[in-house]
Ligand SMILES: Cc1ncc(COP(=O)(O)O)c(C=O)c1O
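Next up: a single chain in structure tokens, the form predicted alone.
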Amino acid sequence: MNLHSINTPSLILDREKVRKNINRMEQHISTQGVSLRPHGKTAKSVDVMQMFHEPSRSGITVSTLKEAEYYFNHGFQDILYAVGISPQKLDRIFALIHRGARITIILDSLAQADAAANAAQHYRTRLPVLMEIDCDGHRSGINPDSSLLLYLGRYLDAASFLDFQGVLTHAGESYGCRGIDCIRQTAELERTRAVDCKMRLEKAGIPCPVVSIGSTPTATFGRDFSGVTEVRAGVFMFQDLVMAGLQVCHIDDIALSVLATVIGHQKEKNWIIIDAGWTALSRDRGTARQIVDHGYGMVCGFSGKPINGLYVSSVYQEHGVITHREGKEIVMDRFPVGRRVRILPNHACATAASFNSYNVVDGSEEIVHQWDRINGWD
């Protein structure tokens, strides 16, 4: 098969670009003396995760229990479920543990801790736990200065069947940075707040061996990882337009694209219509806050090279509208009905979630593999 023969819209993955992206991050993190725990939520594919060097040794991160079960079934045993635990999911956690998995959960409240402790007691099985820290006001986690840090730390350390491992944080606000200096400052804030929490806990007599931090921007531009034991990140393996806007990568590093077909024109509006709408491209508008707004994706030619000025300006369920960002007239004869284009995504995770497989290429039109990926939660 090749890019001319498959149906559209289809998800295209450039294997060599993925390999380079992974190697670049692995080399950077290895020079810092910490472990890389790649996030499987971006790939949702064992074929992609097996491209890492010995990922089973350092462990992986997941965001759903379906991912945890899927990766465990393919040989990954050390798995961090990096979403705050809900009581209803604990039975699935223990089912995996009893099959031989080492699953670590995260939490940031006494209610979650009670549920985890009761379930561990019920199963009479030790459960590794990390406490989530809010390093930048982005989402969830305990305020580093809160008294809850020590209170919850003592509770977890004393619970009979809980194995308190340490602290975890995620610098989600790095995605809103303008410039590399801002990302570096955010990376240092992420590190220092997590390490400070470790020091507070240990000063209170609570062992805290693990300090887990990470986001693709801070992992890329972080220069000091003192006190950190592991770094989590995921988007870097594919990269996307948001990462390019943050200067984390170049446009040419983006490994993921959606193949679409021209199905019509609205010449009086200077529009090209394609068969990829929000169900294929997602509604993620992550570049809207950046210097260059790429709408719903950057338009590339069949080879994957960007076409200057063209982007997907609006989407409907199965239709996408391509326009010129400067309003220049598009030569419609260059985009006849049936011509195929490739769209680079704003957010690789969101766009890939619409598809069940990757059509894998190696820099040419030939499809060398089709890699399955998983979606959903059950």
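Residue positions are given as counts along the sequence shown, with the first one as 1. Predicted model, so just to flag it, every value in this text is computed and none were measured.
There is also a form predicted together with the named molecule; it is not shown, and the following applies to it.
Find the only residue in F164, Y175, F76, F221 having a heavy atom within 4.5 Å of the named molecule in the predicted bound form.
If I apply the 4.5 Å criterion carefully, the residue I get is Y175.
Between the options A280, L201, V235, I183, which residue brings a heavy atom to within 4.5 Å of the named molecule in the predicted bound form?
Of the candidates A280, L201, V235, I183, V235 is the one lying within 4.5 Å of the named molecule in the predicted bound form.
In the predicted bound form, is there a heavy atom of the named molecule that lies within 4.5 Å of any heavy atom of A187, even though the partner is absent here?
No.
Check P217 for me: does it contact the named molecule in the predicted bound form (non-hydrogen atoms, 4.5 angstroms)?
Output for P217 is yes: heavy atoms within 4.5 Å of the named molecule.
May I ask you to state whether K41 is within 4.5 Å of the named molecule in the predicted bound form, using heavy atom distances?
K41 belongs to the contact set for the named molecule.
Even though the named molecule is not shown here, does H170 get within 4.5 Å of it in the predicted bound form, heavy atoms only?
Result yes; H170 sits at the interface with the named molecule in the predicted bound form.
For the interface check, one of 120-128, 285-293, 208-216, 91-99 should have non-hydrogen atoms within 4.5 Å of the named molecule in the predicted bound form; which one?
Only one stretch passes the 4.5 Å heavy-atom test: 208-216.
Suppose contact means any heavy atom within 4.5 Å; which members of 129-158 contact the named molecule in the predicted bound form?
Heavy-atom contacts to the named molecule in the predicted bound form: only R139.
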